[in-house]
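One chain comes next, on its own, written as structure tokens: the form predicted on its own.
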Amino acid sequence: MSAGALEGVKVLDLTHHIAGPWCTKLMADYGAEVLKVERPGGDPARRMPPFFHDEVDAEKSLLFHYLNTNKRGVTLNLKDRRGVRMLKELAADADILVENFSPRVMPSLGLDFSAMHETNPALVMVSISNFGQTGPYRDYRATDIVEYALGGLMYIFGAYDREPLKHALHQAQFKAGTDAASASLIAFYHQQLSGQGQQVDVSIHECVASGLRDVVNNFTYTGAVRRRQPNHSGDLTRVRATSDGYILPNPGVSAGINWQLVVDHMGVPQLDDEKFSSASARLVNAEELGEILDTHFRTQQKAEVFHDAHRQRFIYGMIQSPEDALSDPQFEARGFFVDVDHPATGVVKHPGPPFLMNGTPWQVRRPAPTLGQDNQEVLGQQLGNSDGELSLMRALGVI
């Protein structure tokens, strides 16, 4: 195997659920040596669906598998003094520690930044939480949709005449994990220059709000409030049904393209009419325009429309199902989806690298760890605990 870009970087992973594990996965996938520390019962993500063949099993959560590839794994009870002692021994040899407990947890365990800095002055400690380590909301609990709402993104998503919407699944968590990985490596770079560690405070709330960009600028400097956009029937960029799915047309009229070019591109004679030739006319006749467009696209196949539009330099999209995405020729050409062989499930397909590096490539070195998989090697051989001591700690719930 080629050396990873982060080969030799040691990461201690105290994370669970999504944001933290995604942060450490990004580092592990590019070569960092990531040791995942779970409580004896395991990361709660082990009990999150979907499960392989719908078999509810701590070793068959496909979400857990995806978020924890290329990591080794041990179990430690951090509420036990022996668990805390062993964690500090591991931290003494680490470059980066990532945790995503609520802000009160690490101090309550005697594992706050000052304690970890005393153990290892060069340690970069990355703390991911809902609202950050400070502020009036710091101890509030949140879900993905709560972060979207409080971060301001939901206000501008969806149709203006309907309730606000959020993206599907756990996008706030993944955004925070990505930001945390970037922050980890920026702080690690400083550590390499100065020899000094620091705490990195990542607020999921703020990671979501960072996506507002021009919305904040517009309000700050002009007082303008961006609202959700109309989705009237004549909207030229509205999602349209085709004979085999959905297409997302974008003939570019708002960018100043001549209406006749759009008429010629779509090949619909009814559009060649004064009542559609200007933006104001199309708005007045929106319902009729929408009916013409719906009738036209319902007879088309989405892939044919998509490719034909791009040949004419129009920016179209097609709505792809998971099955479509897995067979998409662009993904296939770049080898995006990869097979990962896990002992509990066999071979399962995963999304691959978020970016490519030709000198130090992304690669799958190992599947997600089974619970406590590396206790013997790490807690036993590396930290010097005998088999008998490990057995006793296991019986007492320390590991």
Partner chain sequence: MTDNVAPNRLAGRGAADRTRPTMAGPLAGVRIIEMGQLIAIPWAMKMLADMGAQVIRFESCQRMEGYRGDSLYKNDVEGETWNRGANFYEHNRNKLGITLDLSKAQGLDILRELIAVADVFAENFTPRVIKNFKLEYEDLRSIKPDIIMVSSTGYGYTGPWANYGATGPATEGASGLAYMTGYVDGPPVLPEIPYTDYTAGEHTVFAVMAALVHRFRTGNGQFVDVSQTQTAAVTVPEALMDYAANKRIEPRMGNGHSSMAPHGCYPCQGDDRWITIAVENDSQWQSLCRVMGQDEWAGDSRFADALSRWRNRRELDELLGKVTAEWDAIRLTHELQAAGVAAGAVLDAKDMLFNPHLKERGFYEVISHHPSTGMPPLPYASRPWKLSLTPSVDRTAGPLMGEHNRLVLSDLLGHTVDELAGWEEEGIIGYAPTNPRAVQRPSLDEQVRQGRMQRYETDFEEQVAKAYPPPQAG
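Numbering follows the first chain given and starts at 1. Computed from a predicted structure; not experimentally measured.
Beyond the structure shown, there is the form predicted together with the partner chain, which is absent from this document and is the topic of what follows.
Peer 1: Answer with yes or no whether E287 is in contact with the partner chain in the predicted complex, where contact means some heavy atom within 4.5 Å.
Peer 2: Outside the cut-off, so no.
Peer 1: Even though the partner chain is not shown here, does M357 get within 4.5 Å of it in the predicted complex, heavy atoms only?
Peer 2: Judged by the heavy-atom cut-off of 4.5 Å, M357 is in contact with the partner chain in the predicted complex.
Peer 1: Does any heavy atom of E118 come within 4.5 Å of a heavy atom of the partner chain in the predicted complex?
Peer 2: Output for E118 is no: heavy atoms all beyond 4.5 Å of the partner chain.
Peer 1: Check G346 for me: does it contact the partner chain in the predicted complex (non-hydrogen atoms, 4.5 angstroms)?
Peer 2: No, G346 stays farther than 4.5 Å from the partner chain in the predicted complex.
Peer 1: Pick the stretch from 290-298, 261-269, 142-150, 274-282 whose residues have a heavy atom within 4.5 Å of the partner chain in the predicted complex.
Peer 2: After filtering at 4.5 Å, what remains is 142-150.
Peer 1: Report the residue, out of V253, A92, L212, L109, that has at least one non-hydrogen atom within 4.5 angstroms of the partner chain in the predicted complex.
Peer 2: Of the candidates V253, A92, L212, L109, L212 is the one lying within 4.5 Å of the partner chain in the predicted complex.
Peer 1: What residues, if any, in 161-175 have a non-hydrogen atom within 4.5 angstroms of the partner chain in the predicted complex?
Peer 2: Heavy-atom contacts within 4.5 Å come from R162, E163, P164, L165, K166, H167, A168, L169, H170, Q171, F174, K175.
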